[in-house]
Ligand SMILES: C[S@@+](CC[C@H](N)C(=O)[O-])C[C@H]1O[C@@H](n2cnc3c(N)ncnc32)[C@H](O)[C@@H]1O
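Listed next as structure tokens is one chain, alone, in the form predicted on its own.
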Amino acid sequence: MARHEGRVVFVRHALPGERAVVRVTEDRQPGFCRADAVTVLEPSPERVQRPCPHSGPGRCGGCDWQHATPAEQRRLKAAVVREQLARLAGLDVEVVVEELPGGPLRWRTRARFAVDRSGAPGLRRHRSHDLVLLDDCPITVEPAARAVLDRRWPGAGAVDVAVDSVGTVTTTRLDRRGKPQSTRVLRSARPIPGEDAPAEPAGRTARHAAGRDWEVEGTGFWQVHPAAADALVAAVGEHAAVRPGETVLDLYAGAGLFGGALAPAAGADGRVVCVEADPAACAAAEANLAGLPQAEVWQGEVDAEGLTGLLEELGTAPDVVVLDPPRAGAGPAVSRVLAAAGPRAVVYVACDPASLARDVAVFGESGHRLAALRGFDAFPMTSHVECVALLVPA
């Protein structure tokens, strides 16, 4: 963020302390401007050469900070989390964003590429529908990038691609309204001996985390960074500290990763209820939790009304609540219902610092305080950061 003649200017491709010539790309009179740094006159010592030739002003909008060292990226992310908690929740919290194994490139195991009218794939420019055609995406794992970028996709509007833990590559064609057209397994690490693996209809694929395998729909939700699931399960387990006989509520449960990892600690006398809206994810969760009699899957939206009914049907207050909502967060209404249920621990996994800070403020008003916070650099080269927060009764 810069200031010029009294106006705020949000500048991409710059770093704090730099002096740069910028090109205004959006002018919202009398509010603020958006701009790109086109010439850096006084560079930051943390500035580096971008590893991707498609990154930079006017080019692909997929990465925010390819021009910063990885250590500076993590420092900036920590500053963002701390600033949001101070501004929205009134908290002064020391934040450290932890590095995940594997380095800053080739970490994205799931991606969506846009497709132009000729069938050529690429990514959008920042805040634009304009498409930048690509020959590679260096933050995407190579099998996924090659599966999409080495061919054309006539008639598609976009392509989702995912690679599982054993190397199976799954693609889903989307039409121009974002509706799935078809899903195919393009390549498998488990071909029939002596035969080339043909394209076949996609089902569930394998992911490995927390010392076991998990089934997930081919391009369904799973942590994008290969090391993120293990890191987050460890952090959630540390914060939750589930005891034998306790009741655990796992909201936005997806394929049941957190609930399944916590169930053994609850023991045979405990209960773990995983709540998920997506039918395919619920089916995968049922398969993943089949060997855990204390775990069960409930299909439904996580909203205030549904959650109130769920808590009544449980018949007992949850001891621990784990929630991993989408970027919009749980929201004030859901946060108030959860706080009123009186759990001894709420473990909140968040991919948006502002949503997390807003909901932490609501929990604070409702009698729960922020007791611990860990940050993870699960999205290198971008401004996104994953956090795991622990809220306990004040």
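In this text the structure is predicted, and so the values were computed from the model without any measurement. Residue numbers here begin at 1 and follow the sequence given.
FYI, the form predicted together with this ligand isn't displayed, but the following is about it.
Trainee: Please name which of the stretches 295 to 303, 149 to 157, 132 to 140, 75 to 83 has residues with heavy atoms lying within 4.5 Å of this ligand in the predicted complex.
Mentor: One stretch meets the cut-off, namely 295 to 303.
Trainee: Name the single residue among V93, A277, L311, A283 that comes within 4.5 Å of this ligand in the predicted complex, judging by heavy atoms.
Mentor: Here the answer is residue option A277.
Trainee: Go through A240, V169, A263, L257 and name the one with a heavy atom inside 4.5 Å of this ligand in the predicted complex.
Mentor: Flagged contact: L257.
Trainee: Heavy atoms within 4.5 Å of this ligand in the predicted complex: does T205 have any?
Mentor: The answer is no: T205 has no heavy atom within 4.5 Å of this ligand.
Trainee: Is it the case that N288, even though its partner is missing from this view, gets within 4.5 Å of this ligand in the predicted complex, heavy atoms only?
Mentor: No, N288 sits far enough from this ligand in the predicted complex that none of its heavy atoms falls within 4.5 Å.
Trainee: Does the 4.5 Å heavy atom contact test between D319 and this ligand in the predicted complex come out positive?
Mentor: No, D319 stays farther than 4.5 Å from this ligand in the predicted complex.
Trainee: Any of the heavy atoms of V272 lying within 4.5 Å of this ligand in the predicted complex?
Mentor: No, V272 is distant from the partner.
Trainee: Counting only non-hydrogen atoms and a 4.5 Å cut-off, give the residues of 310 to 325 close to this ligand in the predicted complex.
Mentor: In sequence order, D324, P325 come within 4.5 Å of the partner.
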